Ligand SMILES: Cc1cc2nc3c(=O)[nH]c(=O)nc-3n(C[C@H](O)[C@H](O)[C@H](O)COP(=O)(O)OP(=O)(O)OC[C@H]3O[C@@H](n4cnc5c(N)ncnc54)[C@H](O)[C@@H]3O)c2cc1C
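One chain comes next, on its own, written out as C-alpha cells in the form predicted on its own.
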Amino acid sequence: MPHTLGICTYAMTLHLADGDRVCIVGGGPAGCFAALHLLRLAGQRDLKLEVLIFEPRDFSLRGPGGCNRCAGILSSRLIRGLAGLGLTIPDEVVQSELKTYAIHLDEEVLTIHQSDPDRQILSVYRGGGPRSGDKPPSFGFDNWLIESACLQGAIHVPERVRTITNEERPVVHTRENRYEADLMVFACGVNSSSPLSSDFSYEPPETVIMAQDEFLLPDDVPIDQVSAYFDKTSDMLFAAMIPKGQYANVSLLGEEIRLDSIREFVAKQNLPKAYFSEERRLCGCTPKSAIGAAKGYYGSRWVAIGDAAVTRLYKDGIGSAFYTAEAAMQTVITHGISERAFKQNYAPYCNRIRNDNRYGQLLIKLWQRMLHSPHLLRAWLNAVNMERPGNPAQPVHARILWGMLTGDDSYRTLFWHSCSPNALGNLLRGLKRSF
C-alpha cells in the first residue's frame, strides 16, 4: 500500500507532520489509550494523522476469543484519567462497584471498607464474559475502548500482525498487507509472542503465571465485596474472588501456579461446592503477569507502552497502560519521535514506575514476613481493629492494605504510610495486646 511519508526533521529530532501514519499494534487498553491520547493531543495542534489500530480479536465474543485474560479491576486513578479524556464508562460495561474487601487470614475474616466514596473501584469484563455462562454476552471494557478510539478518528484494522521489521522506518506486516509507519506504537502486552524483528533489540519483561476461572457468585457474597485470601502454608502469594454481576472471577498469583491450582484452592478454602465444583467452572486460563521492565522498549520512530514496557507490580495494570500511553504520546507530540526524545522524556516516567515497584516488592516481603509470625500478625490485626470507627486511632493500616489490594495508591506512598508514627504506634500497641 503506497504512502507518502511526511516526517519533518530538524536539529536531529523527528516530528510527525500532517498526513503521517501511526500504526498501533495491539487493540487492548494500552493501544486504545495511545490512540485516544494521540488524537486528542494532535487535535489540539490541528495535526491530522492517520491512526491505525491492529487488532484481530473481536472483544464482543465470550470466552478466550474475546478476552484479554485479566481480572478486570479498574482503579479510581484510571477512572479519573478517562474522565480527563471526556470518557465515562457506560453502565452496561460496569459489572460491580467494589466497596469492601473481606480479608481471609487463616480462620479469621477481616473486613475493610472503602474510606473515600469518591474513589470508585469497578469490576468489568474485558470481553463478552465467561465462555460457559448462561446469560447474554456482556458489553466488555475492551470493546467499548476500541469503539471509543474509532469514534475519535482511529481506524481499526482487524488483521493479525505477523512481523514488524525495522527498515528506514517501521513496517507492519500482516498476511494481507504491508504497512509503512511514520511511528509504530507497540502495545501487544506479554501474553503473546512478540512480532518485533531482532532489528529492534527488544527484550520483553520478566513474567509470572496467574490462574483464573469464573464461577457463579454465591448468594451470600455481596456484589460489592471482594474476598481476598492469604495462605502462609503454600506458595500462593494472593488469591481473590471478584464479583462480576452474577459471576465471580477467581484469580490466583504465586509461584508454580497452574490452572489446576484453582481446584486446589477451592478445596483448601472449603468454598461451597454448589458454586465452586469442578463442573461449574466456566472459563479458565493461565495468563502471564509482568513483574519487570522491558529492555530496549523504544527507538527511532517506535515505542512500547503498557505491559510491553513496564507496569505496576501485580495491581492496576490497566491504569499503568493508560498513563504510560499518555506519557509516550505526550513525548511524541511535544518532543518528537526520535530515540533521543523517548530517552529524555518517556523513559524517566517508566523508570518511576520501576522504582515504585521496588517499594512494592519491599511491602510484599514485609507482609509475607508478618504472615509467618503469629505475634506480628496478631499485632497487625489488633492495630486494624483499634482503627475502626469509634476508636481514636487513625485508620492507617486499613488504608495501606486497601491500597495494596486495589492498586489505588503508589507503593511508595503506602510504604511511607507504613513508616509513619501513627502506623508504628498502632502496631506497637497491637503488639502489647497480643501478649
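Here the structure is a predicted model, which is why all the values come from computation and not from measurement. Counting begins at 1, following the sequence as shown.
Not on display, but discussed next: the form predicted together with the ligand.
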Could you spot which one of 328, 321, 149, 337 gets a heavy atom to within 4.5 Å of the ligand in the predicted bound form? 321
So which of 360, 133, 204, 72 gets a non-hydrogen atom within 4.5 Å of the ligand in the predicted bound form? 72
Can residue 55 be called a contact residue for the ligand in the predicted bound form at 4.5 Å between heavy atoms? yes
Residue 126 versus the ligand, in the predicted bound form: is there a non-hydrogen atom within 4.5 Å? yes
Does the 4.5 Å heavy atom contact test between residue 288 and the ligand in the predicted bound form come out positive? yes
So, in the predicted bound form, is residue 182 in contact with the ligand at a 4.5 angstroms heavy atom limit? no
So in the predicted bound form, are 28, 59 and 195 all sitting within 4.5 Å of the ligand, heavy atoms only? yes
Per contact check vs the ligand in the predicted bound form (non-hydrogen atom within 4.5 angstroms), the hit among 274 to 282, 309 to 317, 343 to 351, 361 to 369 is 309 to 317
Given a 4.5 Å distance limit between heavy atoms, list every residue of 155 to 175 close to the ligand in the predicted bound form, or none if there are none. 159, 160, 161
